[in-house]
Each structure stands twice: as structure tokens, then as C-alpha cells.
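Below you'll find only one chain, the form predicted on its own, shown as C-alpha cells.
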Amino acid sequence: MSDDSDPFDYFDRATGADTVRNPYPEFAEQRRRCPVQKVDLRAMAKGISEEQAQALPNVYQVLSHDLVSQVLRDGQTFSSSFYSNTMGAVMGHSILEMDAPEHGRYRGLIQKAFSKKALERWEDELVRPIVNGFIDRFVERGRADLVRELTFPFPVHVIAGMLGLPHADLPQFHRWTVELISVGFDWETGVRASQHLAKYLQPFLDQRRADPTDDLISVLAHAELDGQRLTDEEILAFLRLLLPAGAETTYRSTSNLLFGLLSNTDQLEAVRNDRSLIPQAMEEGLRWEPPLTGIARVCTRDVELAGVQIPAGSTIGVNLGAANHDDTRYEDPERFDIFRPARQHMAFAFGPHRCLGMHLATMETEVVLGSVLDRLPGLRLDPAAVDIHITGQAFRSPRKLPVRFGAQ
């Protein structure tokens, strides 16, 4: 990636945007054959030598709701340490790669920063003003691209505000967060972004240790559980995880929900007229189009799943998107329906590693949806727009969401 390239477009295209429109029929066909599928890496890695082919790991994909739940609940057999050699290389030793008992201790410390009181304060002091500030920029225009003008920029502004970072640093800060998670297909760029972020954040951490305020870095710097505190490296690792996890997934899930409602105008009107429907609309949006379709684990022992023998050391692709579209659990799963019976989905994962920031993400989405409905009367997809759709393989969202509102 060159210094003048667009890291956001680069990341989208590298993760399947504009090439993968709808992966769910293929997931369903694979699940019908067997809910555990071995991935043929040899076919994917064309042109490699026989020696390289022999060194390829065993990879299996789990595609049913029940098996995804089983894998995510059993951290002893299916370890999160898979991420230590991938995301751990750029984030540091973070909660993402930890197993029990280390995971429980670390999560207990981190959770202190996401208290109910903190969420309420962030909603009033950060999220609502930031969301309304972006809407202010286009509300008089009668038209907007809700992705580029609202859902894409607002989450990283929220996180920067939570951390107490200068507003002027946001463009560079946002670029580094996206470059960081590009490490899977651009190693040098990801590592360089990680180094930049650590160097950038360290002075703020030093200052908050000496003179704490009410921001998230201060809370982490002084959090204590059973006499233990977080080290600088642990805090920096969590912050490097929070940035892409909090900004990237929230922007996508919020965009997907808005697209679902705008594409089903009867349901949009139902939510507009009855705001008590917002929570179930958000849950359906997450089930229907989770922002991230899969995560990974590694087997610590030989195990059998759905009659398939999986040797120790194998990588398990945990397909959250396929689980959310399992037709044995959800009737007509590709249909967006906010009135379907509520059932547990996997968009926030499950078990001990269920998303730590899910309550923050839910609050942000609720604020966005409420503000959009309050301030953009007659909101509708722009009738002049052509072929607006959700795209992507690993990360999914619409790349644009052109709308009109008001009398125009």
C-alpha cells in the first residue's frame, strides 16, 4: 500500500467488496452437505511447491448454528490462541488471543471501563452530539450518502472521544486503524501501522497514569482487580484492538441495518411510528447481515464434529454468518424481518469471548437510528441510485447508501 492510497477502499476490496455479493447461498449449500467442511488450501494457493503444500495447515469451516455455539463455548478444545501469530503480531498480547484463566482476569479489568455509568455518559456527551454533528452537515440538503457522511466516520470519532484524543489527529488515527487490520494481506503495512499507533498512544497513557481524567485511557491505567493492574503493553494491546473492532464493525452493522430498513419500507415505517421496535430491528439487522462473517480458533486436541475427525492443531473457521442464516433455526433466513421471533444470533460471537463492546455498539446504533428517524422525515433510498447492495466476504456492508428525505 502506498502512502497516498486509500486504505479504506484497499481494505474493502481485499476482503471481497465488489466481488462477493451474497455468500449465504454457498454457505447454505455447504452446510446441507455437511456442517463441517474441510477447506482445500491447495486449490486456493495455486502455484506453490509440493514442499509448501505439505506445510499448509488443516483448516475446517463450521457452518451450523449449533456447532458454532459449541465451538465458541468450549475454549479448552477450541483455543483463541490462533490469533497470537496473526493479529497478535500487530496488536500485542490482547484479549482476542487469550484463553482461561488469563482471559477472565483480563476481561474483568477491561470491563471496568465499560460500566453502565460510563455508557450513559458517553451517550449524552459523545455519541449523540457526534451523530447529530454529522447530520447537521447534510440535513438541509435533502439528500446524502449515509455511509460516507454518517455511518463510516462517526464510530471512530466516538472512540477518539472516549480516549480523549485531539480532534485534529483523527484522519491519521483512522487511517492507522484500517491499515492495522490489513495485516492479513499486507503484512508490512499492518506492522508499520501498529508501531505508529503504539508510539502515538504511549504519551497519552503516560500522562493519564500521572494525571488521570475521566477518559477511557485513564480508567484502564488505574483499573484494579484483586490487587492487579494492567501494564502499559496490555493497555496498548487493548487500544489497538478496540480501534478497528469498535470502529470497523459498528460502521458496518449500522449501515447494514439502515439498508435493511430502507429496502423494506413497511418495516421502516413501523419503526418510525413505534420506536419501541428499535431494539428488535437492531437484533434482526445483526442476524441478517453481521458485519464480520467469521472468526477463527485452533484445536488443542483431536476432536470430532458432525462425524468429521479433526486433528489437533487444525484451524477452525467459525462462520458466524452461516450460523445466522441456518435455516434449521431461522425460517427464510435471507429475509430481513424485524418481526421474526427473537432467537440468539452469533453476530457478537458467543461464550466467554462474546464481544466486550457489544453494549457500546448497540447504544451507538440506537442513537444513529433514532436521530436519523427524528431528523430526516420521509427518508428513502434515492430513486436515482442504481443497484445499491451489501457486499463483501469477511466484512460486509454497503459501500454507499444514497438517500433522499424531506419534500424533495
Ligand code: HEM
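Start at 1 with the first residue shown and count on from there. The structure displayed is predicted, hence computed values, not measured ones.
In what follows, reference is made to the form predicted together with the ligand, a form of this protein that is not presented.
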| query | finding |
| --- | --- |
| Non-hydrogen atom within 4.5 angstroms of the ligand in the predicted bound form for each of Y83, L241 and L286 | yes |
| Among the candidates F114, W122, F336, F138, the residue which, in the predicted bound form, approaches the ligand to within 4.5 Å (heavy atoms) | F114 |
| Among the candidates I217, A281, L258, A245, the residue which, in the predicted bound form, approaches the ligand to within 4.5 Å (heavy atoms) | A245 |
| In the predicted bound form, T177 touching the ligand (heavy atom, 4.5 Å) | no |
| Contact test in the predicted bound form: R297 vs the ligand, heavy atoms, 4.5 Å | yes |
| 4.5 Å heavy atom contact, I159 to the ligand in the predicted bound form | yes |
| Contact test in the predicted bound form: R340 vs the ligand, heavy atoms, 4.5 Å | no |
| Segment assignment from 55-63, 34-42, 357-365, 374-382: heavy atom within 4.5 Å of the ligand in the predicted bound form | 357-365 |
| Interface residues of 94-128 toward the ligand, as seen in the predicted bound form [heavy atoms, 4.5 Å] | I95, L96, H103, R107, F114 |
